[in-house]
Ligand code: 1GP
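A single chain comes next, written as structure tokens; it is the form predicted on its own.
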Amino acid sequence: MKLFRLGRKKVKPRVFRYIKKKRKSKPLHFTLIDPDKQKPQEAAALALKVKEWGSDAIMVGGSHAAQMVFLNDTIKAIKEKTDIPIILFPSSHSGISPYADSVFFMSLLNSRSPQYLIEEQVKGSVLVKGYGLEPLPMAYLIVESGSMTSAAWSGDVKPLPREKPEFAVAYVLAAKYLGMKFIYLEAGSGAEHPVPNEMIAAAKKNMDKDMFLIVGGGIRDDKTAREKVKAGADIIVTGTIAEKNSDMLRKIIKAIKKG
């Protein structure tokens, strides 16, 4: 069958090794760029800026279907300007591009819909193999943030209660036993409140040494970013702040890099 002839070359874990090596010295910062929010050349200019400020990778994706229209052009434009990894952050299998370096191959574990638990992954797996992308297995978990976010609404999510870190721990343990290497605690774009420090600390305590904890959503200043790193976050993701306040983003990246 043609399916079994796709992607014959073995995909080397270059991005995973890159993350692992950089994390040995300092926490990391990833910039999330939504292709629907700006023109490809504007996205490329933003990627160049954040790289100069110390951001370690560019995540490309969004929760709205319209981002698929500009996905490939955005990634190609970013690649012309920067050499840091471009990691896909797809909301569905149609958000997978052959021009990226890798993809967060994720399951939205607290979704109530099988579409985001496994169905999109089944559809996307063939594209990942065919394009020769490096998959980064991730458990994606959305946390209560005080307001309904796009990710929570579109993913049909039952958010993790902010005051119940033990619920997050149960999901973390499930993800660990399933062999996932990344846990993403997400408050969501435009979140009223970021992920609680107690939840971050509890999650990190129950992860293996070769796993990475990503935290994003509601991080709008350097003090908050620093708190999340001290609580146990290995990687901080910011998106909205990059579009609205570049001076604050620079401060956030600097605060993260203090370790």
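The numbering used is simple: start at 1 and walk along the sequence shown. Bear in mind the structure is a predicted one, so any value in this text is a computation, not a measurement.
This next part talks about the form predicted together with this ligand, which is not shown.
- The shortest heavy atom separation between Y140 and this ligand in the predicted complex is within 4.5 Å.
- Although the partner is absent here, G218 lies within 4.5 Å of this ligand in the predicted complex, judged by heavy atoms.
- Shown alone here, I235 lies farther than 4.5 Å from this ligand in the predicted complex, counting heavy atoms only.
- In the predicted complex, no heavy atom of P40 sits within 4.5 Å of this ligand.
- For a residue to qualify, one of its non-hydrogen atoms must sit within 4.5 Å of this ligand in the predicted complex; all three of L32, G190 and G239 qualify.
- Of the candidate stretches 44-52, 223-231, 196-204, 210-218, only 210-218 has residues whose heavy atoms lie within 4.5 Å of this ligand in the predicted complex.
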